[in-house]
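Given next, in structure tokens, is a single chain: the form predicted on its own.
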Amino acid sequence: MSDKYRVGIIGCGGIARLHVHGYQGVEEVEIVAIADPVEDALNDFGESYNIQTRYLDPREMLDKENLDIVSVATWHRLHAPMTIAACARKPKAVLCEKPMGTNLGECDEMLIAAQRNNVKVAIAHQRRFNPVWTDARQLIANGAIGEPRQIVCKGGQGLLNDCSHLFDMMRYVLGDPDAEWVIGNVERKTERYERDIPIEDRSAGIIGFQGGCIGLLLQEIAGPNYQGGIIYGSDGIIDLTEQRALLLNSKRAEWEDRRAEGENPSVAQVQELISWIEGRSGHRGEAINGRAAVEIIMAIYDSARLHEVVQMPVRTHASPLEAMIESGDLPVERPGRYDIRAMLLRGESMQP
């Protein structure tokens, strides 16, 4: 086993299971240790995957296990501190869950820690490895719908959670252009949280991308919500979900149903991470792409806060949504804190 990359996982909740499945599908790696401050979660996870080396303190694991790869699969607020802690121990790579951070200041601190310690940091937007989404990216690059003009998505559960995948998808299928400007608005009349992060009740954002395509995201407005969107071009349309891409253009009299086959996205994400470590490729989930998705979200919040079109780059390093809540600009009209992921809590606690 000494010739395998040694992997440690921080956070033993549901999303960590995707990380395990990814590592188990790649021969070059071995999961040697896990860490979680919640003992029940730690032991349940360890027993499920027969991982015997367990730590309640993730920094103790980082200090003792000589890890090559660290997965950060915690709740959002710990992404930055745990990634920075991992980078300080100088593994070869860190794979951190999305969203990269809860504000741009956190994202930039993570990038600095990675650069200072020469660590490769990737953000687990695993749908970049979905073969259907990659097929859509290639179709657009090859001109199958002409010049892309607009992408429309419908999301839920707050911008930072599931919607971060949708902003990442917009960039990915277009070839990762920069966002140039953003306008948006939010509604928050209840005390709504998602894994202890304050989120909006509803929101909408319009993004102007380099090259002229316009992205539109409707959050909890026009359901049903799903991972995908409709891409309109000058000569065609792609209707995209996680399972298939429907293509219509001037060369076709009817929709073409494309269901690309390929590697499991979690496995493909790890395979590309190993290739990146060994200098054979880059990584689709490189942290600069994770930061770009967070920046779009923060720009929507800042547009709502400042009542203006936000020109990129965003200059507000804190979360504009949290700033609006703290200043009283988003007064609660229906009081009573609730967390939409309360079902993830253990024991008697109903608040994180």
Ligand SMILES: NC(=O)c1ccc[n+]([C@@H]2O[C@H](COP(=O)([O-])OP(=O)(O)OC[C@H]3O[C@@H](n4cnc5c(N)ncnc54)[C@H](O)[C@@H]3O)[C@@H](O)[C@H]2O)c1
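The numbering used is simple: start at 1 and walk along the sequence shown. Keep in mind it's a predicted model, so treat the numbers as computed, not measured.
Keep in mind that the form predicted in complex with the ligand is not shown, yet the notes after this line are about it.
- Between the options 137, 165, 154, 171, the residue in contact with the ligand in the predicted bound form by a heavy atom within 4.5 angstroms is 165.
- The listed set 193, 232, 75, 129 contains one residue whose heavy atoms approach the ligand in the predicted bound form to within 4.5 Å, identified as 75.
- The stretch that touches the ligand in the predicted bound form, counting heavy atoms within 4.5 Å, is 92-100, out of 247-255, 92-100, 270-278, 214-222.
- Looking at the ligand in the predicted bound form, residues 186, 207 and 330 place no heavy atom within 4.5 Å of it.
- Taking non-hydrogen atoms only, residue 37 approaches the ligand to within 4.5 angstroms in the predicted bound form.
- Taking non-hydrogen atoms only, residue 287 never approaches the ligand to within 4.5 angstroms in the predicted bound form.
- Heavy atoms of residue 25 never reach within 4.5 Å of the ligand in the predicted bound form, leaving it off the interface.
- The closest non-hydrogen atom of residue 340 lies beyond 4.5 Å of the ligand in the predicted bound form.
- Along 317-352, a single residue, 344, places a heavy atom within 4.5 Å of the ligand in the predicted bound form.
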